[in-house]
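Before any questions on how it binds or moves, here is one chain, the form predicted alone, in structure tokens.
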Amino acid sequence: MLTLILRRLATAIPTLFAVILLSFLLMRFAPGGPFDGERPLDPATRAALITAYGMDQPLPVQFTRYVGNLAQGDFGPSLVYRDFTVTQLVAKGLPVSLTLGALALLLALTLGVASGLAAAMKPGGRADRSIGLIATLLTVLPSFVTAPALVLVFALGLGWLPVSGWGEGAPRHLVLPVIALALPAAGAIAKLTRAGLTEVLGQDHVRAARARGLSPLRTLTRHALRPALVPVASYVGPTAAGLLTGAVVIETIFALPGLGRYFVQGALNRDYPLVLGVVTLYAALIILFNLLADLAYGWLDPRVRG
């Protein structure tokens, strides 16, 4: 397992550096700038701001300084939210995004694995066909389609839940965003669980366990479930990252004060440090989630640890 971790870290650090470098260059070469608003600044004020933020330096100097500050945990000042640093904005938005993503992942795993188990117990049956159809529909419908539909039905139509807002993290305000974010992933996990269990339940060691008189539940939990979840473990890492980055859309739809809101506003206003800070944090979390998924994969299938 240690070899697996070291091998993943050896590729993770250069990958993160490449993401930071490409994001830095793309932001610098994009048209417009943070000081190009509807009311143009006078040349003297504009030149003073550019000098104050060090943007008059050559790009290699700016990038080296940024990476040096980043190594110390400093994402730099925000060019738009001038009363806050990027670190402060991230500290405000990250808990919201992590809460939303973690609850969505937990719901997706619960619904997906349970549905896959139910479908795999009787392949070809009515439950299997119904779950397969629903899972396919959930997979192909993106969250920006299901989210307005959920709002239309449960918030505007029935009035059971609020339309938007954070509400200091009140459960009522989290229900619709979490469901909208989790449903596509739940559909994919259900299909993977069903496929994995169908294959494993037909293998010789499972048949032998049944022949020894083990109950279906014991056979499933002791001999079939762990190897059947290997495809799910491979999917969970990218899914966790996708839920976090996909929360940008959900946070915008439901007006949640997460990182997504700051990322969108930063991109629109060419707030270089803010966009770079959010992208760097997202990249680091994606790498971390994939590493955790690899560790889970290694635990489920020891053949990949070497």
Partner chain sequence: MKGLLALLTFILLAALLGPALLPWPYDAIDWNAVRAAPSAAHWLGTDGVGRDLLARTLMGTRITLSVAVAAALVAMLIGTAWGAVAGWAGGRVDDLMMRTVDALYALPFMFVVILLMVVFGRSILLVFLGIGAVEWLTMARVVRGQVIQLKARPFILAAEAAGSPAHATLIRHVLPNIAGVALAYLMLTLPQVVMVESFLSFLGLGVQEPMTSLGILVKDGADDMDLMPHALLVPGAVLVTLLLCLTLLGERLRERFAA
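Numbering follows the first chain given and starts at 1. Since the structure is predicted, the reported quantities are computational estimates derived from the model, not experimental observations.
From this point on, the text means the form predicted in complex with the partner chain, which you will not see here.
Checking 101-109, 71-79, 117-125, 148-156 against the partner chain in the model of the complex, the stretch whose residues place heavy atoms within 4.5 Å of it is 148-156. Screening Q88, T136, S164, S130 for any heavy atom within 4.5 Å of the partner chain in the model of the complex leaves a single hit, T136. By the 4.5 Å heavy atom rule, the three marked residues T11, L268 and V278 all count as contacting the partner chain in the model of the complex. Interface residue remark: Y282 is counted as part of the site for the partner chain in the model of the complex, having a heavy atom within 4.5 Å. The partner chain is not shown here, and in the model of the complex it never comes within 4.5 Å of any heavy atom of L295. Using a 4.5 Å cutoff between non-hydrogen atoms, W160 does not count as a contact of the partner chain in the model of the complex. Remark: Q62 does not count among the residues lining the partner chain in the model of the complex, judged by a heavy atom distance of 4.5 Å or less.
Contacts with the partner chain in the model of the complex, taken as any heavy atom within 4.5 Å, map within 247-275 to V248, V249, T252, I253, F263, A267, L268, R270, V275.
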